[in-house]
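Shown next as structure tokens: one chain only, the form predicted alone.
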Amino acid sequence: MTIFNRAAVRHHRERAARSFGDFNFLFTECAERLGDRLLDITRTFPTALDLGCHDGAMARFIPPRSAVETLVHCDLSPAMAGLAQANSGCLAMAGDEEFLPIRDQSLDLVVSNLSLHWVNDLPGAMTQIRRALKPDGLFLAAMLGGETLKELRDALTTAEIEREGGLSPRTSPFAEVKDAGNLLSRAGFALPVADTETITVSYADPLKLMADLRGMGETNAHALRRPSFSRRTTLMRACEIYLEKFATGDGRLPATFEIVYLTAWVPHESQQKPLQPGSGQVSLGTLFLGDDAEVS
């Protein structure tokens, strides 16, 4: 199924690369949070891939204890890959998450920072990532989740129905956390974990939010999006609705970004395994209610 126009995704990133440093706050924040999660892992990862690297922010936040000797940046946009290489001094290449140009079992770590939400075949991409990792290799990612930009989506939807009597895809769909966790298992990963955090950014004007999204390279790339520009009357009405429905007491406008974090390992014999059903030796009644308790 083709949900996103990947050529449009590439074009948006190519355009954004020119001044990405002015708009990379969300990517930097999530890169730091991914780095914090790596701090909790005592393993070392000699060879790592930064998949969907943007400006290479992950290179600054991979902790020294991870002992990454070789870090390779990869992005759909050649301009972004070049920017990452210039910023970090690491290897970089242009490559597509949907057709991962990596040899099987060649990596110890794949980390992806806010890129996979633009992938059409997410199960297929995860399967390719799992194949590229060595046994007991780690996949760690952050991607935008279903609550992202809920305020903007509500305002645009209402305004278009009011002004144009219909609805077109103006914002891209995002994965739900429960679905993302299931996809990890479907792709053959072991010990999958999916959890979420919410980052709320405050704006004085909806148009500033839209400008930031353009500067991030995160504007609409839905395959069925309207090819022409939005009508001015529809856009202005969306701004009014945003203010009417979501302004806080001080007149600021919240913009929600739900971040879904994915952690999973390539299966290995050393990993812990769940016990077989019925193999427990201790009664739950004894644990919680005492030796003489009866459980019905």
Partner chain sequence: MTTHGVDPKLLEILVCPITKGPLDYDRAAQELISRAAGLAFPIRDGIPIMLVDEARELDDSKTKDN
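Just so we're clear, the structure is a prediction, and the values are computed from it rather than from any experiment. Positions refer to the first chain, counted from 1.
Here the subject shifts to the form predicted in complex with the partner chain, a form of this protein not shown in this document.
Has each of T70, A92 and Q128 got a heavy atom lying within 4.5 angstroms of the partner chain in the predicted complex?
All three within 4.5 Å in the predicted complex.
Heavy atoms, 4.5 Å, the partner chain in the predicted complex: which of 80-88, 153-161, 188-196, 206-214 makes the cut? Say which one.
Going by heavy atoms within 4.5 Å, the stretch is 80-88.
From the list A221, L149, L100, L122, which entry has a heavy atom within 4.5 Å of the partner chain in the predicted complex?
Comparing distances to the partner chain in the predicted complex, the residue within 4.5 Å is L100.
Between M143, L107, L140, L184, only one gets a heavy atom within 4.5 angstroms of the partner chain in the predicted complex; which residue is that?
Exactly one residue meets the criterion: L107.
How about R15: is it within 4.5 Å of the partner chain in the predicted complex, going by heavy atoms?
Answer no; every heavy atom of R15 is more than 4.5 Å from the partner chain in the predicted complex.
I'd like to know whether L76 contacts the partner chain in the predicted complex, with contact meaning heavy atoms within 4.5 angstroms.
Output for L76 is yes: heavy atoms within 4.5 Å of the partner chain.
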